[in-house]
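Have a look below at one chain only, the form predicted alone, in structure tokens format.
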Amino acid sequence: MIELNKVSFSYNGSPVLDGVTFDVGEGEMVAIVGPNGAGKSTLLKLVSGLLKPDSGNIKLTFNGRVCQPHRLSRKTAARLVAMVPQQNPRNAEFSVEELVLSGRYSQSGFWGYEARDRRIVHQVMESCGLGDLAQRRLNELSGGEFKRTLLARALAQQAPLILMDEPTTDLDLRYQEEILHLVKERASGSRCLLAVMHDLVLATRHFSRIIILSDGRVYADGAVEEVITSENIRRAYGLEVDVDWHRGQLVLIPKGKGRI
């Protein structure tokens, strides 16, 4: 479904990604982790078509159709790719329901939004815990409520590929778990999920495949316990740690310091 082949990208001559190569198959759910400035958010923007690679190729395959994301119109791209950004401006004129409904734009008919669109939006808002906030203005929301609204908009698109940039930022522990369980449930089957995660422990708990990105390159890619090792964390993050697993849960112990 997603294929990156030697993808490189720079901002104003400053390299951000350097020869990134990996693929994600239909139904896979993959977390991308790495230090700040590694190029993780830029990678998602390239996959979504918001940016064009300087070199290399990105291919998306849906129902036998192969396309390059940066060549698609925005409406066509929205039918295929749903994006949950790390940050998004809040327009005080919009309510929660109106923003989530905008996720149906690419699927709406000639006459605009239909009863089916509104039914899908209400179902998604309820599942994201937003039912009581439908008429609340965006500038009245907490950080966590706004993050759930952005997620609901992406889920309302019903696109086969979901991209998430640090989806649990601003969420408390309860909603971190609930949102990730919800997205995984919605992304099951033929859909594909690619998520940038800041929290290594959370990433290993919810994803079976991890890609470590550092200095614009893929340092490791594979099953959780193969990728999250002391050596890989030292190389990618510049941090000496012991990696332990307690009842299947990741524990990172900085050398010479207490457990975290």
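A residue's number is simply how far along the shown sequence it sits, counting from 1. Fair warning: this is a prediction, and the values are worked out from it, not measured in the lab.
Not on display, but discussed next: the form predicted together with ligand ADP.
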### Query
Pick from 224 to 232, 41 to 49, 202 to 210, 60 to 68: which stretch has a heavy atom within 4.5 Å of ligand ADP in the predicted complex?
41 to 49
### Task
May I ask you to state whether V20 is within 4.5 Å of ligand ADP in the predicted complex, using heavy atom distances?
no
#### Entry: 4.5 Å heavy atom contact, P35 to ligand ADP in the predicted complex
yes
### Query
Does any heavy atom of W245 come within 4.5 Å of a heavy atom of ligand ADP in the predicted complex?
no
### Query
Heavy atom within 4.5 Å of ligand ADP in the predicted complex: which residues of 10 to 32 qualify?
Y11, V16
